[in-house]
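Shown below, as structure tokens, is a lone chain in the form predicted alone; questions about how it binds or moves come after it.
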């Protein structure tokens, strides 16, 4: 479960990580009552669970004269198709330098791994691709209650001491909250000290009851629709829609998309024995995501019949290109039906994924 920014920052604050003074509002009229607490210059942030929120227009600068109008604009502007119900108004920090830090689990070593970069901000993913050496990482024993100081010095180089202290406190949050990911991007230095200007925290779904937040989970409209049909569905922030049958096959498709330089928009597992109606709903659900430019349907027919899959794809009738890889029961019939309608079919998962990535390149 991915927490919204204001939720993550509250947990950061409890652990002693400095965050900007802020005000969460659900109506733009509330803002004027509290502007004296925040100062003349503020940042207005839509609280929505989407990636690339800033680039999509969900983070705006404002001042005392136009903050209400700016917030009103966000309340009436869906961010990547997600309506904005809450807005966080924060003091604008006097930033001297931006860093990037995240903590996750390295599955290979089964240890916590910390990633750190001397430059943070919205272009961190591009930095990772173009200059991998710019991002440093360390792993250490999960039995340790603190990150060893020598590792923090190795990781942060000439960064101020406050940066190291903040990373250690972030690790405490990571452990206490059963997190899969704890990220600050950017972690900033200011004349007043080190602050988490943004916050991301993803909590292991298996630990939600222990953390006491299981009943508070808010679903997007698409997640509610997916749940109604029994799909395993997760929204991501790419442009390639993904539909598979079986968690392993669907995850493999996502991994290949990443390998070939693309970005998946979602994970959707239709499950075994998916019939025509089920496939139709899955394709329409994914096609309804505003960022999706192409959809890859990667299904293996066992109890799932390929001709039923083909009919579902055709009946969905979506605008985006649908690239199909089918194999198994009634494969020939399925291929014939799709060929008659001009759908693009490829023989292997690699070929299908490459083709989808090319569409979004």
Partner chain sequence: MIYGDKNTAVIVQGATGKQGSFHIRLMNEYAREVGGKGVVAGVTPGKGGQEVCGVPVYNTVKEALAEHDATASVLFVPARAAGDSIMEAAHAGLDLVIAITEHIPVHDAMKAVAYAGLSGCKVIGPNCPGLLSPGELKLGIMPSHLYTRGHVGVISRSGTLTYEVVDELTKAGIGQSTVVGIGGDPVIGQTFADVLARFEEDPQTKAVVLIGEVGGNLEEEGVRSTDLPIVSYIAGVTAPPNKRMGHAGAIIEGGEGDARSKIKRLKKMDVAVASRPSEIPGMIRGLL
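This one's a predicted model, so the numbers in the text were calculated from it and none came from an experiment. Here the rigid core means the biggest group of C-alpha atoms that line up within 1.5 Å when the two forms are laid on top of each other. Numbering follows the first chain given and starts at 1.
Separately, the form predicted in complex with the partner chain exists; it is not shown, and the next lines address it.
Every residue of the trio 256, 259 and 349 has some heavy atom no more than 4.5 Å from the partner chain in the predicted bound form. Heavy atoms within 4.5 Å of the partner chain in the predicted bound form are found in one stretch of 285 to 293, 158 to 166, 94 to 102, 141 to 149, which is 141 to 149. In the predicted bound form, at least one heavy atom of residue 110 sits within 4.5 Å of a heavy atom of the partner chain. For the chain shown alone, residue 212 is not a contact residue for the partner chain in the predicted bound form, no non-hydrogen atom being within 4.5 angstroms. Residue contact check for residue 131: none of its heavy atoms lie within 4.5 Å of the partner chain in the predicted bound form. When the partner chain is considered in the predicted bound form, residue 135 lies well away from it, no heavy atom lying within 4.5 Å. Checking 277, 204, 154, 221 against the partner chain in the predicted bound form, a heavy atom within 4.5 Å turns up for just one residue: 204. Proximity to the partner chain in the predicted bound form, defined as a heavy atom within 4.5 Å, singles out one entry of 174, 75, 195, 281, which is 174. Within 4.5 angstroms of the partner chain in the predicted bound form, the stretch 227 to 266 places a non-hydrogen atom from each of 232, 234, 236, 245, 246, 247, 248, 249, 251, 252, 254, 255, 256, 258, 259, 260, taken in sequence order. Residue 171: CA moves less than 2 Å between this form and the one not shown after rigid-core fitting.
Relative to the superposed rigid core, residue 233 undergoes a CA displacement of at least 2 Å between this form and the one not shown. After superposition on the rigid core, the Cα of residue 184 moves by less than 2 Å between this form and the one not shown. Legend note: Cα of residue 230 to Cα of residue 206 is at least 3 Å closer in the predicted bound form than in the depicted form. CA of residue 108 to CA of residue 261: farther apart by 3 Å or more in the predicted bound form than in the shown form.
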